[in-house]
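Below you'll find only one chain, the form predicted on its own, shown as structure tokens.
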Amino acid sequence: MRMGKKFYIETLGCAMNVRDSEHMIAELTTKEGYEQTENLKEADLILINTCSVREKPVNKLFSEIGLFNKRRKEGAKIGVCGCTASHLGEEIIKRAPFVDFVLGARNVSKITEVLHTPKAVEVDIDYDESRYAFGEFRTSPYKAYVNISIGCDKQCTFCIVPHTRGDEVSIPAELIVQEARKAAQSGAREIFLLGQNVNNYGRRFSGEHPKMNFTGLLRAVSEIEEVERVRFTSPHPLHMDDEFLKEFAENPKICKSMHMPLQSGSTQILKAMKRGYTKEWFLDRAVKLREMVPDVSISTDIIVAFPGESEEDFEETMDVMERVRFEQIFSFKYSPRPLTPAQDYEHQISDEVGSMRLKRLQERHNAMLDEMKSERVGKICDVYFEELRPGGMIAGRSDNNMLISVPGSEELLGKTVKVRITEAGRTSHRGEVVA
């Protein structure tokens, strides 16, 4: 074991990438004797955990690792990991010969192997890590990310994820509950369940396991005594059946925030995207959700200027936004991704038109958020605090996922207290603890 060596890691992309980085950190510290550093120049190993969902982060990758190469100390290794590693593979080393190894998103458990194999490229998207026991490491002691599945079985025509993370495999429920219980007993009162389509859980395991769907898994995790809150991302609108919505509404431990990726409000475009649902189905689920949980917060993903999107199609998206009034939107212009059918579709939308539509969507949503602000001032929320902020402030999230800061110290960390909102913003708020 090599003692005294340090590593630096940069994580891009989604919460699943954050968890993958935590797994790599655990493997490096427990099996290789590495210590994490925030100073790139003193690192013996530099890792970048990449995202390939959009075109821009991929384009930035080579300039980023070029900068790492210039700044690294003599003898330091550079590893490129994650989704971009999965789909570019050997090309990364061809374009950047100073990279020491490439590790795909489905091969995280091999980090200690590639570390000792010159110019290793491990990008097998069929590799099964669903029963691998990773070492323990968490970025926050107050919240635990727990993977419930790996890969994705959907074939959305714009999405590269199935080509970087492989077919969907559910992690056995007993391993999930065991990991969640261990984290909760160590002080994490919030468990965050992760998967590409969490409510498709249980469709396929890598071996013989008792059948369980996502609703059953939510109940099992909620039964852990020390767990106070359960969050998850991302559910697929197609699988939001009544049983799932009922559990979400009635289970007091499930936080009342739901991410519902819309992508487009046009049924015609949804069909071209192969999303599997219609505008009407999405609205039905959203309306039912708001009826069952009046204080629910609904967030979404929206892609504008998908190939063939007409002005009428775009107006359908605007209509859904008006009717659902999402509390948060992650919105993007369509960007062609390699290995996806949509990159070859006819009627690609010009960058100018895409930018105009994105601007209009975002401006209208910002106006909605401004309208919501006044409704929030004076509200009293249960806030779970997990982060110290500069200026004597501490931050946490309400049950319905509002980010709220109050004057306070570390004695509030890991605790849930009542807070009155005194000042509301679009994405974060200030408040005061209610005695």
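On a predicted model such as this, the values are computed, not experimentally measured, just so you know. Position 1 is the first residue in the sequence shown; the rest follow in order.
Separately, the form predicted together with a small molecule exists; it is not shown, and the next lines address it.
The contact residue chosen from Phe158, Phe214, Tyr145, Phe101 relative to the small molecule in the predicted complex is Phe158, the criterion being a non-hydrogen atom within 4.5 angstroms. Lys333 is the sole member of Lys333, Lys288, Lys279, Arg229 with a non-hydrogen atom lying within 4.5 angstroms of the small molecule in the predicted complex. Within this chain, Asp301 lines the site of the small molecule in the predicted complex, having a heavy atom no more than 4.5 Å away.
Using a 4.5 angstroms limit between non-hydrogen atoms, Arg54 touches the small molecule in the predicted complex. Although the partner is absent from this view, Arg337 contacts the small molecule in the predicted complex, with a non-hydrogen atom inside 4.5 angstroms. Proximity of Gln263 to the small molecule in the predicted complex: non-hydrogen atoms within 4.5 Å are present. Only one of 202-210, 325-333, 137-145, 352-360 lies within 4.5 Å of the small molecule in the predicted complex by heavy atoms, and it is 325-333.
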